[in-house]
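First comes one chain, alone, set out as structure tokens in the form predicted alone.
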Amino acid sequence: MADYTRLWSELGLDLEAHEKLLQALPPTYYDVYLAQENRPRGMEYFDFVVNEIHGLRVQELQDFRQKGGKVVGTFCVFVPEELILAAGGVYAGLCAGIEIGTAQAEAVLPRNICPLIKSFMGFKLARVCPYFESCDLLVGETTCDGKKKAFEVLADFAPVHVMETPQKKEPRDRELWLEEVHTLAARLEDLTGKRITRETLTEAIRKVNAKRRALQRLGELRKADPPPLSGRDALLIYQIAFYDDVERFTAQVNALCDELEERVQNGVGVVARGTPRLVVTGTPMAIPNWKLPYIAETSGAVIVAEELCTGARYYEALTDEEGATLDDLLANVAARHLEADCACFTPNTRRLEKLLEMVRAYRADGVISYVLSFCDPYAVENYQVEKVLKQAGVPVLKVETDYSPHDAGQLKTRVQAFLEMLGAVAAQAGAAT
């Protein structure tokens, strides 16, 4: 990576703390990603993006701001990317997947709070994240009590707009959400000084839908046996989707898919045919949270799908591009962004139905239910997840963890035992036939 010290200094970063963060990533990235065998060539672009994670993309954002543009930081898939683009802005995902700025975060938050919340607060207060410092507005959402109250604290340190996420999907809840979308649109117009029109919103919807279609294409290719791409690489792509340039990212994903299609046709995979196939469900995995996928895939399995916000929930639904008026398109945007089956909703039976469909479609041998410590919505909903999967005869392993590496050995032991059990089940089924 080029020397961006001047850029980081101008953004007000704590350069010493920031340097320690950057030094910690390269060895981790090599072990998790670059050491993989038979990796697709198309992953080189995504490796480059991570290598320049605090460099080139941040410089692009600063160049955009110097020309009068506005950057909007987001924390959740419920925040419509289309609105930000239609208002002439650029968005950047701000959720974080590493322990950072813990002392600063715990000065304003409880110690026993969700690691994701503590991490993004730590990034801001420790001044080690150039994306936070590049944002003109942060848009949060009330998907859980922890986030809802944390955004109140965050508002003391940066401009924050919070969208009220409904807890149900009944008609009155959809009306509330549509109003929230209209309110956000007005806030974005005030921020950028540009009107959202039917034309600009149509174009923005098409751009974001093209990105989602590229990711859908990627997901379909992972159904092959052997899969042409590792779960780790797929997760990395989904994580990068939240902050890379939309059209450039879409083109790179489609180019990778061209290569993966050739692999599938030639029977080339990243693992041997018949390797145990896993679906991961639960709490999103923000960059650089790669602990569980790395453990699973170095223990003899391959992850073929993710029922996560950093997975299928992010791209599975498209926004209707047809609308005679701006209000029609805003209604389409609102409807699409209630499609994600987050654990904040009650009841949330459709998530369970989709999970079972995913297990069947991807011919998964088992499911890992991933829950971040102190994430109450997913921790409680895990009861329903396990019940439905067990009733369907699908083996499931619950993993509750945080961003610390200290439990990696214990997790590996548990995952290996789970895979041994899957092997025994497969052997019994083979013997029975």
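For every residue, the number given is its place in the sequence shown, counted from 1. It should be emphasised that the depicted structure is a prediction, and the values quoted were computed from it without experimental measurement.
Just so you know, the form predicted together with another copy of the chain exists too; it's not on screen, but the next bit is about it.
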task: Would you check, heavy atoms only and a 4.5 Å threshold, whether residue 384 touches another copy of the chain in the predicted bound form?
output: yes
message: I'd like to know if residue 379 sits close to another copy of the chain in the predicted bound form, meaning any non-hydrogen atom pair within 4.5 angstroms.
response: yes
query: Is residue 374 close enough to touch another copy of the chain in the predicted bound form, meaning at least one heavy atom pair within 4.5 Å?
result: yes
Touches another copy of the chain in the predicted bound form: residue 327 (any heavy atom, 4.5 Å): no
task: Report yes if all three of 109, 144 and 172 come within 4.5 Å of another copy of the chain in the predicted bound form by some heavy atom, otherwise no.
output: yes
Contact residue in the predicted bound form, chosen from 407, 60, 400, 52 - any heavy atom within 4.5 Å of another copy of the chain: 400
- prompt: Looking at 164, 321, 261, 357, which is the one with a non-hydrogen atom within 4.5 Å of another copy of the chain in the predicted bound form?
  reply: 164
task: Sort through 205-213, 246-254, 74-82, 110-118 and report the only stretch with a non-hydrogen atom within 4.5 Å of another copy of the chain in the predicted bound form.
output: 110-118
- line: Near another copy of the chain in the predicted bound form, with a heavy atom at 4.5 Å or closer, the residues from 331-362 are 343, 344, 345, 346, 347, 348
